[in-house]
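The chain that follows stands alone, in the form predicted on its own, written as structure tokens.
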Amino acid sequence: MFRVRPIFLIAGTTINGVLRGVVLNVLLVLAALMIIGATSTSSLEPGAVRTTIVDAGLAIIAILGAMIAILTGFTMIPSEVDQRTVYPVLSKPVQRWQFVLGKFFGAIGINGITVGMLSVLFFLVYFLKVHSFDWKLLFGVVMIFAQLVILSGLIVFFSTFMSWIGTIIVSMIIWFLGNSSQFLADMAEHGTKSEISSAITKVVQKLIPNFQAMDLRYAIVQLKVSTPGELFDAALVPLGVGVLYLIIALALAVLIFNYREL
């Protein structure tokens, strides 16, 4: 029988544990200071104010959000196994798949708190500086949240069979390469003379989620879209592909953890 209550209980416990920790609070304060500092526009020309605020603000939310997702997510399963706190949980009427999904939904909650708090500050700074509100910023923030959800799914997947150090390293590499997808594509096409290197680069570029395509900063800053439909169309394909990656990662995570010897 499919029971969701244990999933959300584990998710709530995970969120509470992270909120009581130091890492999330320190990184949130750091991100807030960076947003305020990077969007200081006193020395800029009026035409450059909006561009600077949007570009810097969304970039900081994405980068610091990824750092928080990685630095709070890598401990969710490895630390439970290493400290043997997973045994009392699994001794209750909780299945292993429920434990994995509970950790994932806990990560989603943390991502929501992170993006939500930083976005409120970002919108406030934008309104105070530009004296208006741009609805397209909401799309940008939603896509950042979507990127972090997909990243958290991959973190949960790797943490089911890797140590916490390995999870951090691999997660950071995937985030970096995912945001360099166009560079990898150009490198595979023109940047290498070796067919083997080109083939490997293409495989890497295809296997890693294209986070760069989900980044709407350029479309927003350069005013490349003018209607919600155009912005939705720009985000739909990369978002759909990202969701597919997420489903595969979670399915493998459940499968691996279900048969893992604890």
Partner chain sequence: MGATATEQAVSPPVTASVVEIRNLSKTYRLMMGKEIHAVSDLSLTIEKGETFAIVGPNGSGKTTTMKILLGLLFPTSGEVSLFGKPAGDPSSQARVGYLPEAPYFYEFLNGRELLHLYGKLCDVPEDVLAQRTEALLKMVDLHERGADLPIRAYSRGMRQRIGIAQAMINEPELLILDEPTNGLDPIGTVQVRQFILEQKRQGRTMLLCSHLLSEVEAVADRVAILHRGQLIAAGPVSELVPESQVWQLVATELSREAIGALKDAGLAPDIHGDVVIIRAHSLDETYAALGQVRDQGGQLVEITRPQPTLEEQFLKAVGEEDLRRTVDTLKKSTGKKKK
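Numbering follows the first chain given and starts at 1. A quick note: this is a predicted structure, and the numbers were derived from the prediction, not measured.
The discussion below concerns the form predicted in complex with the partner chain, not included here.
Task: Which of 167-175, 111-119, 90-98, 125-133 lines the interface with the partner chain in the predicted complex (heavy atom within 4.5 Å) - done: It is 90-98 that comes within 4.5 Å of the partner.
*State yes or no: in the predicted complex, is some non-hydrogen atom of Ile248 no more than 4.5 angstroms from a non-hydrogen atom of the partner chain?*
No, Ile248 stays farther than 4.5 Å from the partner chain in the predicted complex.
Inset, instruction - Using a 4.5 Å heavy atom cut-off, state whether Asn16 contacts the partner chain in the predicted complex. - result: Result yes; Asn16 sits at the interface with the partner chain in the predicted complex.
Touches the partner chain in the predicted complex: Leu9 (any heavy atom, 4.5 Å): Heavy-atom contact with the partner chain at 4.5 Å: present for Leu9.
- Item | Gln182: touches the partner chain in the predicted complex, heavy atom cutoff 4.5 angstroms | Gln182: no contact with the partner chain in the predicted complex.
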